[in-house]
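As a starting point, one isolated chain is supplied in structure tokens, in the form predicted on its own.
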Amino acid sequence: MIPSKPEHAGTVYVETYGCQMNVSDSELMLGKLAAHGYEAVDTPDGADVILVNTCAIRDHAEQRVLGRLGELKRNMKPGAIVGVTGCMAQRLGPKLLDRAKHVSLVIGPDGYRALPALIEAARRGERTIATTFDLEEHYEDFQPRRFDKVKAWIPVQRGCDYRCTYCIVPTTRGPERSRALADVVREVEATVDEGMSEVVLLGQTVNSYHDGRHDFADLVRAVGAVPGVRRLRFTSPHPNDFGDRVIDALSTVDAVCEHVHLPMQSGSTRILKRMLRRYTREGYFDCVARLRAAIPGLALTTDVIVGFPGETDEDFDETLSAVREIGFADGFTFKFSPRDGTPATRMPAELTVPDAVASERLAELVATIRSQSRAANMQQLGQRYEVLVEREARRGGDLVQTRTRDFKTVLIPGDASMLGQYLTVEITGTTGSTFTGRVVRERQPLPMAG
């Protein structure tokens, strides 16, 4: 019997903030609501349901969301339901209902299964909080409504057990738990059937994946063996979890791309210990050396925090020297942002780094990374790379954005008809972070195995 089509329940708009895990969660929410008759729309104006999927990693992200909630209140149609989901919802809970009276729903990352019922209750005038952790929840029966038609974000792990002293994630997403390998492979196979050839495995410390029988090395090999997967990426790993088995899998599975985002956070062993990162400066350098020895042409990107409590000029100099010695292709850089409930907020007040000092350090760090990245990128002019056409370029002008295997962004002439194609391009210019190129030869899709 053909299942009946669900009755139209209204329109829903989801606005996403934060990391790729939040993007994936938004796709899950849209898929769940679509199965209950909701139609996704691209703007909040006129939507029956507005969901803001939030990040809590820094205070700035939360303030931005609070401001956005005010904007939505001014423009939403009468009778519309507004909900806040994700990490900020988990962290603040009932405080959000107090601060934003037009918000009816506050739902943490483990509460999306009940979303349709909670929305219906909100339509009856109820205001609901759903922030209980469910350590068995992986949303295996959800059919995500994907935003991207070229690559798929595949969550393989939820939560985190590392408990770095600055990080709110264990509070907002709970303890670490991994999906069964077979379930991940099933989802990857489904994305290939939908026409996507690149997958990105997601986890808070993704390379610590273990489902009780299989580790991250097993997962990489299994996903890389799925017919039709041409590119395999993952984010974000932890330096401590790159054991020999994992590095061997990364170096021998053809689909694995030559790029690793490897958060460093600080180049000072003293600050790393205070952050409870559980590795030293030397340990991080050793991880970099082993990865580069195993994967020729590897590009590394990173995360760095400046102004952590107790960071001295000497500590910061060690961070700068690490950045220069390693030669990151790019980096995400931040001033320390204290989050209520994390151990870093309980450190002695005299360890606080003045904001002006942290700002100066951040500016110097950004300039250092950009300078060495620009110098390295100039050496790429005239080189040829395989690229995957990801989307139309934001700046328009009949350009499309493409990506190399080692994560370079290359803009080339083109239009939406090229999305999903693999091409060979020659690098013709660089702005310092983004490249321009020209197509020199089209690559035909590889024949499917099987």
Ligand code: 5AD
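Just so you know, these numbers come straight off a predicted model, no measurement behind them. Counting begins at 1, following the sequence as shown.
A second form of this protein, the form predicted together with the ligand, is not displayed here; the remarks below concern that form.
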Interface residue in the model of the complex among Leu28, Ala393, Ala35, Ile57, criterion: non-hydrogen atom within 4.5 angstroms of the ligand
Ile57
Answer option from Arg91, Arg233, Arg177, Lys335, heavy atom within 4.5 Å of the ligand in the model of the complex
Lys335
Could you tell me which stretch in 44 to 52, 57 to 65, 413 to 421, 398 to 406 has residues with non-hydrogen atoms within 4.5 Å of the ligand in the model of the complex?
57 to 65
is_contact(Arg339, the ligand) in the model of the complex, heavy atom dist at most 4.5 Å:
yes
Would Leu250 count as a contact of the ligand in the model of the complex, using a 4.5 angstroms cut-off between non-hydrogen atoms?
no
Any chance Pro263 has a heavy atom within 4.5 Å of the ligand in the model of the complex?
yes
Contact flag, Phe242 vs the ligand in the model of the complex, heavy atom cut 4.5 Å
no
Could you pull out the residues of 288 to 303 that have any heavy atom within 4.5 Å of the ligand in the model of the complex?
Asp303
